[in-house]
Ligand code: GLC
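There is one chain below, alone, in structure tokens, taken in the form predicted alone.
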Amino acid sequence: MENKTIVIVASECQPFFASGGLGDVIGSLPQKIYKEVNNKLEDDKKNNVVVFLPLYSKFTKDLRNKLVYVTQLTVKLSWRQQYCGIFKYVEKGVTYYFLDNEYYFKRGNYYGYFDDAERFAFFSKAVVDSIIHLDIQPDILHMNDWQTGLIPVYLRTNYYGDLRFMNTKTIFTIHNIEYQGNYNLDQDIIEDVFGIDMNDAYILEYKGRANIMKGAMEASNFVSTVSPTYANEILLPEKSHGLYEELLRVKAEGKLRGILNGIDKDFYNPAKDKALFVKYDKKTSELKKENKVNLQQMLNLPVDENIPMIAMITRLVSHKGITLVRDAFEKIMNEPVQMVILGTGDVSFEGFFKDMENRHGNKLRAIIAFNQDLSRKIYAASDIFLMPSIAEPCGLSQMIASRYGSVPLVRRTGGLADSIVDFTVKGNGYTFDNIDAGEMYTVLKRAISDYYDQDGWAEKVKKVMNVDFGWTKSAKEYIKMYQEVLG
């Protein structure tokens, strides 16, 4: 590829603002794509990588001060005429444009509002209008999740025949098929909210509703997911969350791809991480015990550097396998272990773990919070990282845990199956297959037993730390997909 413009659009991005894995991905992937796609190219042949994001009020303050105002425009969305300010930031070759509208984005959170359909319809329309206003000519437009899914729909409808997009190819990445932007049709949402003529409503209509993800899949040239196994799993009726027929169509047309996510190895680096009590690398992994002792003191757990510490850093919701942990919890507490859980979610699960902490205060700490600094301390201190997900499109926590030498124990689903292989087959962790608390506990007990072979465990820690979960391989896969869609 030479002299191409790749435009990536998403609703969140580290280090500016993020609520989960999507933010981590968009914070790392564009910069890696820029580096790989321009490797060994002369300046006059280099490709451009541009990212469009909303300008939320929840924005890292020091970075917000570095934004440069570019221009403003009026975005027409159905009968609305809305202001859109455009701000710019450049980092590691990537140009970031932030689209400002306080009515839509000056909120306490990113999602979860009654008008989310309108908010992200505005954002999608504003992206297309900003591309035109800034005279950007995208060869690739790469959207991520339903919040950006109307962009390929707008190109197919409102901007059909526009010469500025005649050569633009579109890719839509599903990070989690459970969240589709699925709305009732009884409030004229197609015309009144999205500003799309009812003659084109078929693109969005699905099973009597307006489904933005379905529309994005219909209108995009390619559809990708965040791991190869997840791309296959969502073709099953029970895992498609209602999009089974549409996914089969996309698969039949040869439009479906699966590319495993990676992590930012510079950000998640125990040798440089300022959040840690003691820094270390794979050659000095024995220093993990010092992090364990310091965390035990911080959390008022009995100090014992030799006891295996199990960690979970997760949303406390059912599809993360929390019911399996709950069902096996008393057995786990009977083992010679300590356990640290960090996360928020369903109040029933939050309450359960706080109750268990009251009962097992010398073995368990449940921190009901989202705390990135503490999460990295836990990665560094823990020995076993438990991730028994029922469904996991990709998962990044198992990769981060490996980077910090916390040996992952996962259920084989989605990206967990693509990234973690059991030690019994010369792999890099512990795995189990079925949605079964007993099976999970049996494998966990094997891991605890292995821990007490200190020489063998040290080798396992070094092995998992040696696995490269960085973005290089995945970025090359994305570039290959871009080349394929460009023909």
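In case it trips you up, residue 1 is the first one in the sequence shown, and so on. The structure displayed is predicted, hence computed values, not measured ones.
Unshown form predicted together with the ligand; subsequent notes refer to it.
Proximity to the ligand in the model of the complex, defined as a heavy atom within 4.5 Å, singles out one entry of P388, G405, P152, G395, which is G395. Only one of the listed residues (V226, A121, I378, I140) places a non-hydrogen atom within 4.5 angstroms of the ligand in the model of the complex, and that residue is V226.
Of the heavy atoms in N176, some are within 4.5 Å of the ligand in the model of the complex. Put simply, L22 is close to the ligand in the model of the complex: some heavy atom of it is within 4.5 Å.
Within this chain, S220 is remote from the site of the ligand in the model of the complex, having no heavy atom within 4.5 Å. By the criterion of a heavy atom within 4.5 Å, S382 is excluded from the residues contacting the ligand in the model of the complex. In plain terms, the part of the chain that comes close to the ligand in the model of the complex, with a heavy atom within 4.5 Å, is 22-30 out of 441-449, 426-434, 22-30, 52-60. Of the residues in 445-482, none comes within 4.5 Å of the ligand in the model of the complex through any heavy atom.
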